[in-house]
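Only one chain is given next, in structure tokens, and it is the form predicted alone.
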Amino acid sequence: MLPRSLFPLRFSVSALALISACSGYQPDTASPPAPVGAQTQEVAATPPPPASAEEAAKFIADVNEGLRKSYVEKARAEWIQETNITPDTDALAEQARDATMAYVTAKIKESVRFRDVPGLSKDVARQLELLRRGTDLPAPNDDKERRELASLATAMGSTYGTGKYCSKSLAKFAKKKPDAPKVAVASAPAQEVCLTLGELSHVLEDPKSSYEEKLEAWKGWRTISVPMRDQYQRFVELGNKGAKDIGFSDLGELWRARYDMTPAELETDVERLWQQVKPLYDDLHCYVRGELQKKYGKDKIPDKGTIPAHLLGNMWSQTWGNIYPQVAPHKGEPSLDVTKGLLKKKMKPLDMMKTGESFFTSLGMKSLPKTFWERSMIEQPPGREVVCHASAWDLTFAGDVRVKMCTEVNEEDLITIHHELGHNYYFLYYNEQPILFQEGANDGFHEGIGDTLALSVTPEYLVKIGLLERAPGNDKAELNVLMRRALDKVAFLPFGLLIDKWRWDVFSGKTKPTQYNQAWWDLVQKYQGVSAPVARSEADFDPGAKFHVPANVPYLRYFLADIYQFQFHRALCKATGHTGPLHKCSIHGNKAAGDKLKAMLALGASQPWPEAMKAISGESKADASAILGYFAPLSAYLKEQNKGRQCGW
């Protein structure tokens, strides 16, 4: 299973202190700055004189300096809060969000004056556009509302990060933490244990847990999001106000405007990609439903219908790799159990991280800096609350890269390490660019880089590093390999779409607050063919049980990354001279592939994403034919196995 990860976006909504002015540039205004905390007043003013290209260049230079100062402070505040959640660190994070929202939104508004100035250089014009569309959460004009929005963002994030569900019947799934201080839970009755998200997820992943235990864990985690419902409604109202203040109809339009095409063009292109891959997903769904029916019976999984959400081995049914043993095409073939290999070699989380780094350096890429190993949080520290959701960080925009993970010794986290290090290497290769260009070509590129390398973690590579005894040697075994990967990559595709489709409708007002939960499950059923295992109501807030909703992280990036990574992989394999099946290619150790990858990473966001796509693949359009080609042998197998089954839902 490949969890989707978050890295701190350059235009996210936190910083430790407000940068009151950039170095040297002064906005045209007849009034002195308002005191901190004062309400901004509308005043009549003489229109400023026409701006020049030279002034625009000066403005952008100063904004880059101001953003660097602001984002370094922001990153430190976020790092402290996420690695040690306390009321004090929450307060620092809240102050940071308020400060940066005010600063970035002010600069976006000031930038409007320069948008149509004649004679702008290409670089200045692009940086002005990236500034305008770069924030995920612009601040409302009203100071009080801005502070309220920052407070809501912090509160929801803290609620998620500290969420637990207490149970007697699931107590056996709680991890033993001998190094942790013994803290009694005052509200918990005797023998009741409070489980974290990770522990509850293990219940769903464990093939030995019962149907009822899986159901309780699934329902239990969703109790943590109920208090967020009213907060999220207000959060949307205030976020939309901020979006309107900088020229967008709502937050959803702002998010869709950042892909070097109009929001409408983006939606059309995304639908094109989805229609390309939907037949493959439908065949996988049909096959998996049939195999699960053999275990759970037709009373729980009918011939034609949805799959209950708690039976797919993941808290959100977003990836299905944990049910591989139940649905493997050919049992008895060589073991693909990488976790077993990790344990046999007695690897620790630090060893796994070193293994991930070695893949990147084998391509001729630089080693991670010494500070990475000194400052990263690679394991969950005892005795304090942290956000365990894996993420990659660049605290200085000049090489202080880190990973934050509660790493466990298993295959899932080995793959996640490759994903997170992909972010770190992107940071390292574009960090000489101006701050406004220190982004991926688009956010899907950033998410796709590490996953591209993970596609080269083939059985042959795993044998080479001693994590598998032998690689598959026949077609049956290769189908097992493809099935295992499809349960993560193909199964994820509709989930990658539906979260932002839900939010776009919420932001636009199409989905009313009284319809939040119903609209969520309508989309889950429509796109995934999955349904809630028990009745849900508007008293619940199931979207909030997924990290990216309370954290306000756009999610379309992950769908795009799932497409891009196969396109990248195909291009890099071509650079190595590989001519066989795409799923058998590994670029490990190939400097030609590394050179092509480094050239694309170094561009950052300095060029529209089609140019970055062209740099790595020679193509300027997203294309799902690579993922379809990769899984072609499995696709043929699924179609054969599904004969006589009632596919669809």
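Counting begins at 1, following the sequence as shown. Quantities reported herein were computed from a predicted structural model and do not represent experimental measurements.
Omitted here: the form predicted together with a small molecule. The next part is about that form.
Original post:
Looking in the predicted complex, is the small molecule within 4.5 angstroms of a heavy atom from every one of A390, E420 and K546?
Top reply: Yes, the whole candidate spot contacts the small molecule.
Original post:
Since the chain is shown here on its own, which stretch among 339-347, 82-90, 550-558, 258-266 would lie within 4.5 Å of the small molecule in the predicted complex, judged by heavy atoms?
Top reply: Checking each option against the 4.5 Å cut-off leaves 550-558.
**OP:** Evaluate F360 for contact with the small molecule in the predicted complex, applying a 4.5 angstroms cut-off between non-hydrogen atoms, and reply yes or no.
**Re:** Heavy-atom contact with the small molecule at 4.5 Å: absent for F360.
Subject >> Partner proximity in the predicted complex: Y287 to the small molecule, non-hydrogen atom cutoff 4.5 Å >> reply: Heavy-atom contact with the small molecule at 4.5 Å: absent for Y287.
Original post:
If you check in the predicted complex, is Q318 within 4.5 Å of the small molecule, heavy atoms only?
Top reply: Yes, contact at 4.5 Å.
**OP:** Report yes if any heavy atom of F507 sits within 4.5 Å of a heavy atom of the small molecule in the predicted complex; otherwise report no.
**Re:** No, no contact at 4.5 Å.
**OP:** With the small molecule left out of view, choose which of Y103, F492, Y425, F566 has a non-hydrogen atom within 4.5 angstroms of it in the predicted complex.
**Re:** Result of the distance check: F492.
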